[in-house]
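Next up is one chain by itself, shown in structure tokens, the form predicted on its own.
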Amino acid sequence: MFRAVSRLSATASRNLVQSRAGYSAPLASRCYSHGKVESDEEFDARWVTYFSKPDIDGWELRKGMNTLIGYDLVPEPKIVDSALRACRRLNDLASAIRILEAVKDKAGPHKDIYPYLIQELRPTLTELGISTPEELGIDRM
């Protein structure tokens, strides 16, 4: 009995090795998402629409900003504008200042990006009565 089992296993392993030897691997190809590639304008419009929802709540605002900041980019001024307006609708000054801090942090070593964003957002900041972290003196802490 044992001899029959060992003979079958030896034959099976020999066939396996022979079948693997004739196997040729296909060229390496990666199958990423088959979804549609989103343009920059569509990306911006999607986030502006997200933050412009009239029934957005604090959790959705924070979740959206966390997701947005997680991307490898600095958000456009129009996206930050709509996020600041959502903060105003929610009467949440702390989140508005945190958004400005996050955008400044996201700009990183590129010292010309954050001043450009503040320049573009200045009318909105004035209209909504939001001070920048620099104006409040909390950027030095």
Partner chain sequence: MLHLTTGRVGSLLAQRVTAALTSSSVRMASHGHEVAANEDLSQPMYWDSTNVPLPDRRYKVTLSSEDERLKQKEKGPWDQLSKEEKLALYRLSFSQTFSEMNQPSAEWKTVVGTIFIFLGLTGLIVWWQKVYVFPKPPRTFDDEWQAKQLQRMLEMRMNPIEGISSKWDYEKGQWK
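Numbering follows the first chain given and starts at 1. Because the structure is a prediction, the values reported are computed rather than measured.
What comes next is about the form predicted in complex with the partner chain, which is not displayed.
Asker: Taking the partner chain as it sits in the predicted complex, is L93 near enough to touch it, meaning that at least one heavy atom pair lies within 4.5 angstroms?
Answerer: Result yes; L93 sits at the interface with the partner chain in the predicted complex.
Asker: Would you please decide whether D105 lies within 4.5 angstroms of the partner chain in the predicted complex, comparing each non-hydrogen atom pair?
Answerer: D105: contacts the partner chain in the predicted complex.
Asker: Any of the heavy atoms of N66 lying within 4.5 Å of the partner chain in the predicted complex?
Answerer: Yes, contact at 4.5 Å.
Asker: Is C87 part of the interface with the partner chain in the predicted complex - any heavy atom within 4.5 Å?
Answerer: Within the cut-off, so yes.
Asker: Work out which of I113, I97, V48, I56 lies within 4.5 Å of the partner chain in the predicted complex, going by heavy atoms.
Answerer: Looking at the other structure, the residue within range turns out to be I97.
Asker: The partner chain in the predicted complex: within 4.5 Å of a heavy atom of each of S52, L73 and E76?
Answerer: No residue of the spot touches the partner chain in the predicted complex.
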